[in-house]
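Listed next as structure tokens is one chain, alone, in the form predicted on its own.
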């Protein structure tokens, strides 16, 4: 009897130790999601601020996020680029980082937010099996970036209501959309954490008199609004001119008007509640879709998926899809080219002056890869 008891105690001790080790490893993995990927600002960045500078109500919260300012040598107009609205749409964040690490302004001012919903970078979407990060090869070694969630981390905002009622319009959506920052604009200073974050962005636009706001997104290949620009009615002329320039660069792209009956989105609410020209860009991201295979780092970066190839053959997609897929290089090239062409269209139409220099072209990013334009520490 004593031998059996000692045996049981030994196994209990072993199980206890193993359980403790598992808890430690899981805790480390959980805490690692709070670590931000390094960004190495280029010489064009003249100032780094926090979003709470424009709305102190988010200071010291998970909604506060860095804002990179690139002030031109000559005065001019201004543009805001929002990357990381949805951190499971990595081309937006990568495009913002490319601007921060490369762009130089000769005229006007560029504001860049690479982690628009900062909280959403600290989690992944439940039951999706998504990677927590992905890597990009550069001439100086690998760079890693966070792959996050479509919505604010529930640790930071909970519980979700059964029905989400958009504050300024009364629009009713699924309760989980209360944590989707792109359903929360123009935000509220006394609202949820997500609404406070979008309010801070709207306040920044108002206080800095930002002329153009470009929100960078990705969508699944079966989504109708894909490889497209969505523009507020006030920005349609600007978007049309920019679209022609993008097509001349070799991009196949559509233009969609912002729906007046769908509220909470940047292109609708920022266009209504501020004086900015508000537009949104979408690229084709297989790692978001419902028809995909395994959601791993290769799918995020390479954009290849045999199930989407088959779906294209059956005519079920809104974008061409073959064995080459839609890699991250292509998606970032589209966003960066769109940003540059919006600045050019603004100048061509005589609306003002913004000059963004030292950025790679659509062809260069596609041929050389994003990694060729990412900095190393100390550069």
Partner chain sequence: MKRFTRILALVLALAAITAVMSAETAYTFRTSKEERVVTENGEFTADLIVDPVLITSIGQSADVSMLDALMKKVGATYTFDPIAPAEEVAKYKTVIIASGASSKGLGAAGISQEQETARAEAIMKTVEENEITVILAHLGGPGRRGALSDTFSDMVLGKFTDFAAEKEIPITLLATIADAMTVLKDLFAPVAQ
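Numbering follows the first chain given and starts at 1. In this text, all values refer to a predicted model and were calculated from it rather than measured experimentally.
Beyond the structure shown, there is the form predicted together with its partner chain, which is absent from this document and is the topic of what follows.
Contact check for 51, 54 and 58: none of the three has a heavy atom within 4.5 Å of its partner chain in the predicted complex. Using a 4.5 angstroms threshold between heavy atoms, residue 313 counts as touching its partner chain in the predicted complex. Taking the partner from elsewhere, residue 103 is found to have every heavy atom lying beyond 4.5 Å of its partner chain in the predicted complex.
Within this chain, residue 236 lines the site of its partner chain in the predicted complex, having a heavy atom no more than 4.5 Å away. Taking the partner from elsewhere, residue 208 is found to have every heavy atom lying beyond 4.5 Å of its partner chain in the predicted complex.
This chain is displayed without its partner chain, yet in the predicted complex the stretch 252 to 260 from 209 to 217, 252 to 260, 108 to 116, 185 to 193 comes within 4.5 Å of it by heavy atoms.
Only one of 301, 151, 243, 204 comes within 4.5 Å of its partner chain in the predicted complex through a heavy atom, and that residue is 243.
For the candidate set 174, 74, 247, 140, a heavy atom within 4.5 Å of its partner chain in the predicted complex is found for exactly one residue, namely 247.
If you take 89 to 112 and check each residue for a heavy atom within 4.5 Å of its partner chain in the predicted complex, you get nothing at all.
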